[in-house]
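Shown here is one chain on its own, the form predicted alone, set out as structure tokens.
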Amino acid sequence: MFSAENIVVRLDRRDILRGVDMQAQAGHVTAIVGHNGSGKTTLLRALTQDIGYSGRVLLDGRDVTEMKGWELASRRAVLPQASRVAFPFTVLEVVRLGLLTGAAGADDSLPSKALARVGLAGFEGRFYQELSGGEQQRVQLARVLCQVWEPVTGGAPRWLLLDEPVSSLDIGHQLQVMEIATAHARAGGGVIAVMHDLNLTAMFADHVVLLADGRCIASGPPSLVFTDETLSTAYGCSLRVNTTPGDRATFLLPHTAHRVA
């Protein structure tokens, strides 16, 4: 289990997180959702020790501040919202960075396997800067997959912590990435993902943590969290669940979509 207890983050004299509790179970996809500025990324950064906080973050009952860096690197991999590469690295060189910090660094075949999994087979020799934004995002996903390639090692689950993993992707690749995350969880690993798309969240998440103004206002399965009243309160606008637009506008229902093999 990955859990947070009474997490408080204060920046520039302003409370960003105000006593947030959350739990994420191995075997599940846990989604963190909420309006812009609700504290989603800040919570993920607290879970990964990228930002100072008060409270406790626990990984399988151990306070992460008491764990060695190499222990954390072997147990969880982090995909930030944006990743900058300043030097002209090839795709293979970027993906191999996951091997340097992971527990499977000796397996030179993993980068190509990870690239194939994200739909970028044959991209190894291309320069990272020459790729589209969506391709770069999938290269970064391949990098973190290398770090925790086996969802379970030594009986312990390994975690993917993903900050908006589908933000730059078309709908087909959004589905692909969420299927990869789900497969990792179903194989015994754990996934915590910051999400904006509520439809994708409803499709793939097992557990949802809904934030508003730095507080957790609801958590549980999507069917219980995603209600008219709760979502309208969280997002500050009138929302209705599972209804079609009244003005006959063209729309898509992503929950009916699936990737064609």
Partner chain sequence: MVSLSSDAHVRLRHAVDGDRENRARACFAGLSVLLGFVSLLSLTTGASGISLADVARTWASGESLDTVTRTVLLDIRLPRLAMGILVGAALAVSGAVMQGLFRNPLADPGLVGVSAGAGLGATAAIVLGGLLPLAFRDFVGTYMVPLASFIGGWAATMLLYVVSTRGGRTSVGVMLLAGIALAALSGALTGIFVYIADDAQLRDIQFWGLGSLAGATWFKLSIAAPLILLALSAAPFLARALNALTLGEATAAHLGIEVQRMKSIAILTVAAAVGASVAVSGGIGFIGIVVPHLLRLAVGPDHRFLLPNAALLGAALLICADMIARIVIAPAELPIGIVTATIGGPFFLWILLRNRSLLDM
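Treat the numbers as computed from the prediction; the structure is a model and nothing was measured. Residue numbers count along the first chain shown, from 1.
Beyond what is shown, the protein has a form predicted together with the partner chain; the following relates to that form.
*Asks:* Examine residue 69 and determine whether its closest non-hydrogen atom to the partner chain in the model of the complex is within 4.5 angstroms.
*Replies:* Output for residue 69 is yes: heavy atoms within 4.5 Å of the partner chain.
*Asks:* Would residue 187 count as a contact of the partner chain in the model of the complex, using a 4.5 angstroms cut-off between non-hydrogen atoms?
*Replies:* No, residue 187 stays farther than 4.5 Å from the partner chain in the model of the complex.
*Asks:* Can any non-hydrogen atom of residue 80 be found within 4.5 angstroms of the partner chain in the model of the complex?
*Replies:* Although the partner chain is absent here, residue 80 would touch it in the model of the complex, with heavy atoms inside 4.5 Å.
*Asks:* I'd like to check something about residue 156: if you look in the model of the complex, is any of its heavy atoms closer than or equal to 4.5 Å to a heavy atom of the partner chain?
*Replies:* Residue 156: no contact with the partner chain in the model of the complex.
*Asks:* Does each of 10, 206 and 232 have at least one heavy atom within 4.5 Å of the partner chain in the model of the complex?
*Replies:* Not a single listed residue reaches the partner chain in the model of the complex, so no.
*Asks:* So which stretch, 188-196, 48-56, 26-34, 213-221, is the one near the partner chain in the model of the complex (non-hydrogen atoms, 4.5 Å)?
*Replies:* That would be stretch 48-56.
*Asks:* Quick one: name the residues from 76-90 with any non-hydrogen atom within 4.5 angstroms of the partner chain in the model of the complex.
*Replies:* Residues within 4.5 Å: 76, 78, 80, 84, 85, 86, 87, 88, 89, 90.
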